[in-house]
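To begin, one chain is listed below as structure tokens, in the form predicted alone.
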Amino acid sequence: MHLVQRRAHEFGVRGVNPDAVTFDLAAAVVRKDAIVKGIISGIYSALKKNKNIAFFTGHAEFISPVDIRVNGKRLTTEKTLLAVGARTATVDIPGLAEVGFITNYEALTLEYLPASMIIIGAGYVGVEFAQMYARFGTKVVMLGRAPRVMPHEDEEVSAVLADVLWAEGIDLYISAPVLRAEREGEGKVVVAQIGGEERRFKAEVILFAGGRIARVDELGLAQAGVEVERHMIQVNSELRTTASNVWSIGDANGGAMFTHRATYDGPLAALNAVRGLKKKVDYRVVPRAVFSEPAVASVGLTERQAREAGHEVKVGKHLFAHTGRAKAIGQTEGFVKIVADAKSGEIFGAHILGAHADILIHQVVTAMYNHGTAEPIAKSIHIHPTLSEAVKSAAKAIGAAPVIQTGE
């Protein structure tokens, strides 16, 4: 029996006949929880072993620029580093709180499979959960306010991914702002405006995936002199807040809300706070990914953003359908797209829709780190047959690509 079939039960898959496969969501949640618990235990174990760390658990808040209260205990500190993260955005849809909804947190802890689900939001979280639950067997409707799915990504990526979602049976509606939520018998109804008319959608579960905001409430930031604007902690390029002795990292500062962005911020802020090194962040090269199938990954500017910034650009593109390894594994959907300066060749950004996009994007991230060009990718030897050859082909295509004018 194939390894995947032998281990399928670990992931909640039941049945070996393709026509009779079912999914045990509770089993998948148990596996997920065990993995997360192991990771967290490892992190805290390392903290507790470090004799230079005094670890306190509880709610913390500033009571002065140098004093912090944790569950009634007062701690005085010369310098503070905030790593407070983000939470689900405030829900302002009339009736939704009364009707009841779940967020991404609850969506990862459900132990039963809903027959139907309405997902409000067509960004990163919405796309991942829509495809996940649809593949589990839930009938999914996804409502996005923006004119395209994942509006901050490359337009071509959005268009192709939308087609993929529709092909998998997801009812995706864009330019569909939600007006209100209501109860209808045992079901929940979401009313959205589509094409100038009200449409009603009924489901067993509503998942709110309308974005995240910084977790800045009830921290006493004003007492510390830390300014918050548009619900984000204000920091400079060295991650120092408006309080000279306080630094902040990650989601709370706004921008790209990814774990890897926070882990990038952490060492820089620590070195600046403890050793005064004045290191500056460079968010040009923060990659992002959506763990859909095919996966989406990107870094830097989109083609439109580069043009709107006044640059003349060249674009190199390669389809996975023309890559031997993609054909061999039967995953030919998607493409690699690299955007570069037409004169200097410096890479402005890259966008990948395809198998293992989240891994492949790092070739371009590395090239961009020191303001590099696509030439090293295009000329370096890539193992054949691998998916990484698609990135090389896109890099080579930049040399033959016509200059795209700014339109000014």
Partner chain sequence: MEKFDIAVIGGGQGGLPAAHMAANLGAKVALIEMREVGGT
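What you see is a predicted model, and the numbers here were worked out from it, not measured in a lab. Positions refer to the first chain, counted from 1.
The protein also exists as the form predicted in complex with its partner chain; that form is not presented, and the subsequent description refers to it.
Handout entry: Contact flag, residue 220 vs its partner chain in the model of the complex, heavy atom cut 4.5 Å
Key = Contact check for residue 220: no, nothing within 4.5 Å of its partner chain in the model of the complex.
Problem - Contact test in the model of the complex: residue 82 vs its partner chain, heavy atoms, 4.5 Å - result: Flag for residue 82 set to yes.
Exercise for the section: Answer with yes or no whether residue 62 is in contact with its partner chain in the model of the complex, where contact means some heavy atom within 4.5 Å. Expected result: Residue-level check for residue 62: yes, a contact with its partner chain.
Practice task
Tell me, yes or no, whether residue 267 is in contact with its partner chain in the model of the complex, where a contact means a heavy atom of each within 4.5 Å.
Solution key: Although its partner chain is absent here, residue 267 would touch it in the model of the complex, with heavy atoms inside 4.5 Å.
Problem - Stretch in contact, per heavy atom within 4.5 angstroms of its partner chain in the model of the complex, of 290-298, 195-203, 211-219, 131-139 - result: Every other range fails; the passing one is 211-219.
Practice task
Can you work out whether its partner chain is within 4.5 angstroms of a heavy atom in all three of 75, 78 and 263 in the model of the complex?
Solution key: Yes.
Practice task
Identify, from the list 190, 122, 249, 117, the residue with a heavy atom within 4.5 Å of its partner chain in the model of the complex.
Solution key: After the contact test, the surviving option is 249.
Handout entry: Position in contact with its partner chain when the complex is considered in the model of the complex, options 378, 360, 342, 68, heavy atoms within 4.5 Å
Key = Checking each option against its partner chain in the model of the complex, the one that comes within 4.5 Å is 68.
Practice task
Enumerate the residues of 273-288 that have a non-hydrogen atom within 4.5 Å of its partner chain in the model of the complex, in sequence order, or give none.
Solution key: 273, 274, 275, in sequence order.
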